[in-house]
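Shown here is one chain on its own, the form predicted alone, set out as structure tokens.
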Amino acid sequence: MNTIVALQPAWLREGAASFLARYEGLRARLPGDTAVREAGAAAFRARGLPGVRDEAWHYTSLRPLAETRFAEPLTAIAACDRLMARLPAIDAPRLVFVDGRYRDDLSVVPGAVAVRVGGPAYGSLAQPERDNMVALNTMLTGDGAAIEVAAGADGGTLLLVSLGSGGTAERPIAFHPRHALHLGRAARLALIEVAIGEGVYLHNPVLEATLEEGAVLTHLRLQDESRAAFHLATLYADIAAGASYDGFTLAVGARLGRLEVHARLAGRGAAAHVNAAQLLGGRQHGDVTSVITHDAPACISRQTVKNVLSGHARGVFQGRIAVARDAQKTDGYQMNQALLLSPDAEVDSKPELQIHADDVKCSHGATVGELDAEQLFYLRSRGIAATDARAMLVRAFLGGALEPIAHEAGRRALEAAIDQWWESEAA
């Protein structure tokens, strides 16, 4: 047994063994490049599932996932109809995956973007030998989308939709879609990812995004999975000279959710905005972990992550800005803010700077607080009901996070999701 795996607790080893047994049973039927898949399996055998002794997973335990035995998806048709009705009202082409499988009958293929679907879309950025959940994805992935926007083209808006529909407490399911996105020189695209579902399941997607010189990607994500689901997503972004990645994630769903971002600023003047908001209640656990690497001079990165936590919810933010020796004139900023609506809510924040250049401007910070009692009293004294007053202050706290989103339809969809979350929490 590998030394890393041998040191893990029994429940973590048994969880990894379950996924490996599933792979052995499915390997002859899984699509895609066999060599890539076998390399992923080898990496997963060596590393297993991540535990809290892994620095990147110190605040997020996968014990509930490791103790769950997942089966193959059996799509529930009635659930598909219900979930499709919940999609944001955005008039744009869409690629729809149900329990990880591409559904042509629910999709509207774009005309301005080259798309290949069916089978995994492996890119060149993922590092399964380093990232445990990416190794698991590489080993068990099924369908995915390869999306390409030609040099100089404007791809408009594209929805990438995941519906989780087939899992039950007696028969939870798991799916691992693998997507790759390539924007040519000076190309543009607004990609809106939506993940919604019902039932018990694991959604473990990987997206690799490559931006050539001068390309612009607007990337909005709405994670509204079932409250009984696990959502563990990994994003890689490689950003060339003068290119811009502008990302925002809103997480309101999942029993346990995590977004791990690896963004590399690879050419002079590249820019990355990796912003997020987590709205969590009950016993939900949400984790945003990022590594933004400045490998070229005169690059800009911005990251603001806001948490609104009620009940016994727990929010995690881990963010690292890494500046290479040659990345002079770097401008990096990172902020994590948390609003606790309950004395039982918890937030863990770990911003980090790793700087090897000497001509940089980098800063980070974190704040944690409750609703301002004086502001709440002021609103109540003006005749505003307590629930409405609290809602106004929460929206004000989140408002700054959404303001920079230039895509109007996408911003409206996120605002609607925030309103729905608050209505459910206040009920």
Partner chain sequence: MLEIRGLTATVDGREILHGIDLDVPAGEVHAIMGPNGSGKSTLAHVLAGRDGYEVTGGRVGFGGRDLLALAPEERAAAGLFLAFQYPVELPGVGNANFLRTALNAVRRARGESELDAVQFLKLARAEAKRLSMPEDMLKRNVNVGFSGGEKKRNEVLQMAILRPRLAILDETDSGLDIDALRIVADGVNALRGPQTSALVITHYQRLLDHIVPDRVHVLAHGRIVRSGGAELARQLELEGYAGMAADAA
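Positions refer to the first chain, counted from 1. As the structure is a computational prediction, the values presented were derived from the model and not from experiment.
From this point on, the text means the form predicted in complex with the partner chain, which you will not see here.
Chemist: Quick check for you: of 63 to 71, 46 to 54, 378 to 386, 22 to 30, which stretch puts a non-hydrogen atom within 4.5 Å of the partner chain in the model of the complex?
Modeler: Comparing against the partner chain in the model of the complex, the contact stretch is 378 to 386.
Chemist: Heavy atom within 4.5 Å of the partner chain in the model of the complex: which of M392, V360, A401, L371 fits that? Just give me the one.
Modeler: None of the other options qualify; the answer is M392.
Chemist: Is there a non-hydrogen atom of A396 within 4.5 angstroms of a non-hydrogen atom of the partner chain in the model of the complex?
Modeler: Yes, A396 lies within 4.5 Å of the partner chain in the model of the complex.
Chemist: Though the partner is not shown here, which residues of 321 to 349 have a heavy atom within 4.5 Å of the partner chain in the model of the complex?
Modeler: Result: empty, none.
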